[in-house]
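What follows is a single chain, given as structure tokens, in the form predicted on its own.
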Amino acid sequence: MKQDYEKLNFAVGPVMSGEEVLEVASRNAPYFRTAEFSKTMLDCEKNLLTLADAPKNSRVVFLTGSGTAGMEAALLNTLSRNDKLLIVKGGSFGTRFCEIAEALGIPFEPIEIEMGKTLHKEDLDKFEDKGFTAFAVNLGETSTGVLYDIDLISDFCNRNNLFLIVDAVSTFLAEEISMEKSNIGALITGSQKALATMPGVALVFLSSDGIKRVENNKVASLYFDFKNYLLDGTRGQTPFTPAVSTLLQIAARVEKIIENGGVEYEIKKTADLANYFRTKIADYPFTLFAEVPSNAVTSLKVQGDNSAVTIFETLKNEYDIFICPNGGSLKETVFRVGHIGALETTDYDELFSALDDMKKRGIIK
């Protein structure tokens, strides 16, 4: 059997990387307190802001940590106990936003959404003019594959003058996201998703309003204080030792995205893969779980006596293929297949070949 790192990987992160990233990852990490590294990071920030359609005077914080680190740091730096936060809670990561707010002592109220369902206008109506100051949402709820309507959310936030925090960890470069159009104050993503580099870096995009909140907020943290990152970032540096190799991979990957045609190309590529997979998977005993699925991932509910855990374990152990399992109440009934990273339709053909063989063997009924 192949080692895990050689498996065909349809997880939603870490994902498979392209040659431009793997080439950088194969090198030793260089010393980074240099003019050359600073220029690379300044160029990278400029390119990222372009991809996010960020408004003038926006910045990117490069934080060494996971996507959850980005979520916590974004709330820590832009909100305080004087805020009143609304959180969309429709899966594991909406729940995580709630856990972070509770840990930080930020007053919040969840908008409870049934897992697999999307957010509707009537879910927001009862929160109109209720004194909230901020809104947090996982735009793509990775645990269920659901995509929320950013226009619906943005309109609500604009009417109610709310500071909008968007976790786009699994939707950046997979869905259309414009910080300027949607008036997003803080946008969070991670290196291991559609950026398709190694894990280790959370990126937090801040609009000028977000930067003002950071500057006016006193946080009880040294490592996670964005003031230091914004200051050092003006010269292309970070206040502490970053995940140097991953940052260089991000810089190379972003250059390649722009060379290939920009964010529109990336979104179309991901959407085409998702459509290819969803068309062919209709012939199997699974149904789409997400009411509105994200381009980044397809969540599937097994039918009859099929077990999502058995399907995951069999593909991993006998076919050298990773899909994405679920946990909690969805463990036995739902699994996910990603569409981000260095994937092609031929990779999905290999997955379907394995599923066909599992049907012949009676593993899939």
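Keep in mind it's a predicted model, so treat the numbers as computed, not measured. Counting begins at 1, following the sequence as shown.
Beyond the structure shown, there is the form predicted together with a further copy of the same chain, which is absent from this document and is the topic of what follows.
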Practice task
Give a yes or no on whether every one of 34, 69 and 316 sits within 4.5 angstroms of a further copy of the same chain in the predicted complex by heavy atom.
Solution key: yes
Handout entry: Heavy atom of residue 276 within 4.5 Å of a further copy of the same chain in the predicted complex
Key = no
Handout entry: a further copy of the same chain contact in the predicted complex: residue 99, any heavy atom under 4.5 Å
Key = yes
Problem - Contact flag, residue 245 vs a further copy of the same chain in the predicted complex, heavy atom cut 4.5 Å - result: yes
Problem - Touches a further copy of the same chain in the predicted complex: residue 55 (any heavy atom, 4.5 Å) - result: no
Practice task
Select, from the options 106-114, 268-276, 195-203, 144-152, the stretch whose residues sit within 4.5 angstroms of a further copy of the same chain in the predicted complex by heavy atom distance.
Solution key: 195-203
